[in-house]
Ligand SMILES: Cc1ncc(COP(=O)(O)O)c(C=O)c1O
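Listed next as structure tokens is one chain, alone, in the form predicted on its own.
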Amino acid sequence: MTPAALREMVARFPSLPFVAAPTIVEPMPALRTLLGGGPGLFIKRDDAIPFGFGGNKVRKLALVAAQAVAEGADTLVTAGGIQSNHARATASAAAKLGLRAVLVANGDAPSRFTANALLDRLLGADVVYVATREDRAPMILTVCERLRAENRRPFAIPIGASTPLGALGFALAVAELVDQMPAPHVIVHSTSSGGTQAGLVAGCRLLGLHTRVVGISADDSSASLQRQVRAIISGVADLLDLDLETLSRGTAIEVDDRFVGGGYGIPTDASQEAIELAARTEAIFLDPTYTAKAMAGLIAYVRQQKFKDHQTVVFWHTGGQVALFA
């Protein structure tokens, strides 16, 4: 399948112009030199998407929020941590569309609002606090029931907008990438709720690329994330009316969970080094929860010579740098 054919296939789903132009791809020669050579290193700058402070969630919400509008929703309801990038992107989408946003956040209400929590407040989102991550999904249901009782029309968005429809945003992103450069040998990115990786893998499979997609886990085990990604890809096949076998061949679902460290959002020595090296060599800013651990994985792979010198490796920057100001 060609990129044009993939775009045509997805065009039947409504989409919002949150990503108005392709995000740039840049080489990272200084980082490559510091690491002693190795593969050609490039970065795909989804952190530079202008809308809503950017990040990978914007690509997903372009489709998911469009579905909410098509269904007549007046409120977007989702969940995340207090400093959730996805929650901030959802609140941005709601503000742009003239909708209300209700965000379910695990943790105590902050005494001082900073970073994403500050942006959520500026965007006019209502925030409901729950004690644990496990409490978030049930509270989304409770909030939606309450809103319907108030004659409102809520639209629930799963954490990360990691649905088959959201993943289509990243299948399209693969088509965008191969319009900008020859298909890379490897894409390295941060993976957590699975939607971004599902879209990247599905895009590579649909386009018949031989590109590896290596997801560096920010939290869950490799086995758990592989199951999530596989389930979302199955849903993508249903959306596109494709036989699942057609979308099961090609790029493997690779998840590396060795860089999680002490847990979600807890920095490691390697992730802190990654933040500093990216900034000091390429003036690229990473976030401590997701992209720093993904970059730590890429750096380790290069140092351990897991990539060949002739290969090209794209680091897909999924945003989140607002968290540096938490």
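All figures in this text were calculated on a predicted structure; none of them were measured in a lab. Residues carry their position along the shown sequence, with the first being 1.
Separately, the form predicted in complex with the ligand exists; it is not shown, and the next lines address it.
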item: Close approach of Asp287 to the ligand in the predicted complex, 4.5 Å, heavy atom; value: yes
item: 4.5 angstroms heavy atom contact with the ligand in the predicted complex for Pro184; value: no
item: 4.5 Å heavy atom contact, Ser162 and the ligand in the predicted complex; value: yes
item: Proximity of Lys60 to the ligand in the predicted complex, heavy atoms at 4.5 Å; value: yes
item: Region of this chain that lies against the ligand in the predicted complex, out of 314-322, 19-27, 301-309, 6-14 [heavy atom, 4.5 Å]; value: 314-322
item: Interface residues of 170-197 toward the ligand, as seen in the predicted complex [heavy atoms, 4.5 Å]; value: Ser190, Thr191, Ser192, Ser193, Gly194, Gly195, Thr196
